[in-house]
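Below sits a lone chain in structure tokens, taken as the form predicted alone.
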Amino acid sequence: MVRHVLVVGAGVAGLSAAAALRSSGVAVTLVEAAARIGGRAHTTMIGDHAFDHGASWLHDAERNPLADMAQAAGEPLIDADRVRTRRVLVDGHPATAADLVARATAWERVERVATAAPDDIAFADAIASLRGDPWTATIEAWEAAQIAAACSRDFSVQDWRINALEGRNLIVPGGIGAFVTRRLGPAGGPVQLSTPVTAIDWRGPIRAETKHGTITADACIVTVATGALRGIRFTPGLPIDAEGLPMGLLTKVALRATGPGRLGLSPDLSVSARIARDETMLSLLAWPNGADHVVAFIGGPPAWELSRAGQPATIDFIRGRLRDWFGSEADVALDDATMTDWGQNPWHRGAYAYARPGHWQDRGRLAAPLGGGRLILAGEAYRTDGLAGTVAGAWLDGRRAAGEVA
């Protein structure tokens, strides 16, 4: 009988697993490497407005348990798809009606061709026949770098097919990270913060090494990001490594309005531009939910390159792109910058996991209980129901792991 479970990681999956186990009467030790809970659901304040460094939306609201939880608790939720408007730039100018029709037609064609691709090949290879369309590179970068946070040449088209989200996207006005801390934290129970696990021996009863000593337990649920798994020495080693599920990177930079002018941008306006192949894609969300800042998004290999170059280089790059779009007024209107650091964060080493070509089944394979259920990996990376990369997926996978241990 399992009487005591060690849960490693107090992000959404770890909090969910700990809450489920505690409610069933199982003793839980919950440890977290960082000095806070929430993992990649993390909110800070920019002035009087919330800024989500990680998860920003409750995706696929119709089947999202956190959306149900928020509504049951009376949390005010905003339908992002209803309030958001979009502006597309072509060669520095607003897209014409004909441009937008061509863009929509190209998007439908990309989705049709990628969906029909016969093998688990790279997304880029699946749509190679469409290279002649001037919109293909933009759509390719959006689906891979902006959405999957991955390189289209290293990203499984089958993984794209499975994880194409549908349904409404909801905003929690105070931030999803704050919501997780407020609603999931108490149920998860006590957490030992600043306690990274460096080694786990699962040959018999669990023995986990931390900087504060050894923790023993009947079973262990590990909810750290796939990029952080290599920081834990498993004995015996995991039968499948996580190299097929690397961490993608989506970096956000919030620039606060400190000067006059609003750059002609209305609240909740999303701005993007048509790009050429291998050109870096940037998207912008202006004054989200009435905030006094704009948020720039950059993902995939360019985000990793800029992350390695450092925050000043990333901010300079984004400022340069905004100057191209809006002229020198952008330098005057926007000043203070807040940037996410997932690429350099040692406890995550990326934003969320994607599958390499030929490895989409690794999500389910890595989730399989080991040692008769003594060791289970859990988190957004292991969902096979289309919710990989989301807080809903993390929450559900924590519950899944808790059920398999119990």
Ligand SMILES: Cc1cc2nc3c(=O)[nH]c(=O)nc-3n(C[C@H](O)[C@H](O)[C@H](O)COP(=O)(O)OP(=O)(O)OC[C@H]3O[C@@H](n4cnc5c(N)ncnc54)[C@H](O)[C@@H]3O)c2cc1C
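Keep in mind that what you see is a predicted model, and the values were worked out from it rather than measured. Numbers for residues come from their place in the sequence shown, where the first is 1.
Another form exists, predicted together with the ligand; not displayed. Remarks below refer to it.
Checking 283, 289, 158, 195 for any heavy atom within 4.5 Å of the ligand in the predicted bound form turns up a single hit: 195. Taking the partner from elsewhere, residue 21 is found to have every heavy atom lying beyond 4.5 Å of the ligand in the predicted bound form. Contact annotation: residue 352 falls within 4.5 Å of the ligand in the predicted bound form, judged by heavy atom distances. Residue contact check for residue 114: none of its heavy atoms lie within 4.5 Å of the ligand in the predicted bound form. Using a 4.5 angstroms threshold between heavy atoms, residue 67 stays clear of the ligand in the predicted bound form.
Contact here is defined as any heavy atom lying within 4.5 Å of the ligand in the predicted bound form, and by that definition not a single one of 163, 299 and 363 is a contact residue. Exactly one of the stretches 73 to 81, 106 to 114, 183 to 191, 218 to 226 approaches the ligand in the predicted bound form with heavy atoms within 4.5 Å, and it is 218 to 226. Residues of 265 to 299 that come within 4.5 Å of the ligand in the predicted bound form, judged by any heavy atom, do not exist; none qualify.
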